[in-house]
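Listed next as C-alpha cells is one chain, alone, in the form predicted alone.
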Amino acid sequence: MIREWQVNAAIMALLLAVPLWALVADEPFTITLTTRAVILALAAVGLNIALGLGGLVSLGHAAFFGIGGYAMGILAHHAQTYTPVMEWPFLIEGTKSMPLIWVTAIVTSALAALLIGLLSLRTTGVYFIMITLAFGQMFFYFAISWPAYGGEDGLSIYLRNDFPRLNTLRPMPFFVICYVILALALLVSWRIAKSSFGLALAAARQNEVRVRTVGIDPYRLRLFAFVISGAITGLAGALFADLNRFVSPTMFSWQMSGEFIVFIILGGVGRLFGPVVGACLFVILEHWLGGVSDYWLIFLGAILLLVVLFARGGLIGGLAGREVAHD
C-alpha cells in the first residue's frame, strides 16, 4: 500500500512539473492555471486547520479571503494613484511591495478572525456555521456598498505588485512565489498537527469533556486555531487578488467559503494534502468541463457525492488507504 507521505511528495512534484513543462512548451496560460490552483489550495489549507483539526465548519472563511484581497487592492490602488490610504491621525501610504502587502493581509485577517472567533466560538454545531456565514455576508454587503473601492464593480490593479529581484509580471516567477508559500503553509499545518497544541485541539474535537477534565480550555484552543486559519486564508486572498490584478465583493461570498469546504472534503478532511488535491481537481474540472458545458458543477457534485459515500478519507485516503491524517 502506498504511504501517505509518498502521495504527498508526488503531488508536490507534479505541481512543480506542470508549470515547468508549460514553460518549455511556451504555454503561459497553463502556468497561470496552476498558480490559481496553488492559491486556492493555500486558502483551503488555512481552513483545514480549523475544520480538519478543530472540527470547526466555518461557512464564512471567505471573509478572511476577501480581507486579504482588499488589503492588497487598497494598498496597490493608492500606490498606483499616488494617494495616501490615510492622512489622519498618521500618514499611511500605499505600496506595491508584496512582502508588505502580505504582512498587512495576514495581520488584518488574523485580527478579523480573532474578533469573529471571540463571538462565534461561543456557539457550536449549526449555530457556529450560521454565525460565521452571517459575518461573511456582512463583509460581502459592506464591500458592495463601498464606492471608494469600486463597490459592486470591484477594483482593478493595473500592474502586479513587486517582489525583490523577480519579474512578477512573468507567470513563472509568480508561480514560484505562490508555490513556496504553499509549501511553507503545509509545513506550518504539519507542525501544528504534530505539536502538543494540535494534539489537544484534535482531542477537543473528539471529546471536549475529557479535555476540560485535564485542565485545558477548548475555547482557547479553537480560538487560536481559528486565528491561524484566518491568517493563512487572508494571505491566499492577497495572492489571488494579485494573480487576477482585480478584487471584488465576490471574494467574500458564501459560495467561495463553500468551495473551500468542498476542496477539503474531496481531498480528505484533516489530511495534510487534502485541500491541495481538492483545489487542483476543482480547477481542472472548471477549465476542461467549463468550456464544454455551463453545468459543469453537476459533474463536480457527482464526484463529491461518490467521495462522501465511498471514500471517507477523501481522494488522499483512497490512494493511501490510511485513516491517520497529517502523516
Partner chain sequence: MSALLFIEQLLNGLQFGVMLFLMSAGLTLIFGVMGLINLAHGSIYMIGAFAAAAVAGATGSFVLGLGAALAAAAAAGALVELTVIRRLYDRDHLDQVLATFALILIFSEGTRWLFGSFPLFLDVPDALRGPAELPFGIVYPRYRLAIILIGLVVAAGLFALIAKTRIGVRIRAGEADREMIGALGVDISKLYTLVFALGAALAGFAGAMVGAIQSVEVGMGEPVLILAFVVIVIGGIGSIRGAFVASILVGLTDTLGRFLLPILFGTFLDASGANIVGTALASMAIYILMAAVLIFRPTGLFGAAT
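Just so you know, these numbers come straight off a predicted model, no measurement behind them. Residue numbers count along the first chain shown, from 1. Think of the rigid core as the biggest set of C-alphas that the two forms share within 1.5 Å after superposition.
There is another form of the same protein, the form predicted together with its partner chain; it is not shown, and what comes next is about it.
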| query | finding |
| --- | --- |
| is_contact(D26, its partner chain) in the predicted bound form, heavy atom dist at most 4.5 Å | no |
| 4.5 angstroms heavy atom contact with its partner chain in the predicted bound form for L133 | yes |
| Any non-hydrogen atom of L14 within 4.5 angstroms of its partner chain in the predicted bound form | no |
| Its partner chain contact at V126 in the predicted bound form, heavy atom, 4.5 Å | yes |
| Location of its partner chain contact in the predicted bound form, chosen stretch of 271-279, 34-42, 63-71, 50-58 [non-hydrogen atom, 4.5 Å] | 50-58 |
| Proximity to its partner chain in the predicted bound form, single hit among Q137, S156, T250, Q80 (heavy atom within 4.5 Å) | Q137 |
| Interface residues of 272-300 toward its partner chain, as seen in the predicted bound form [heavy atoms, 4.5 Å] | D294, Y295, L297, I298, L300 |
| Residue shift check between the shown form and the other one, rigid core fit, V307 Cα at least 2 Å | yes |
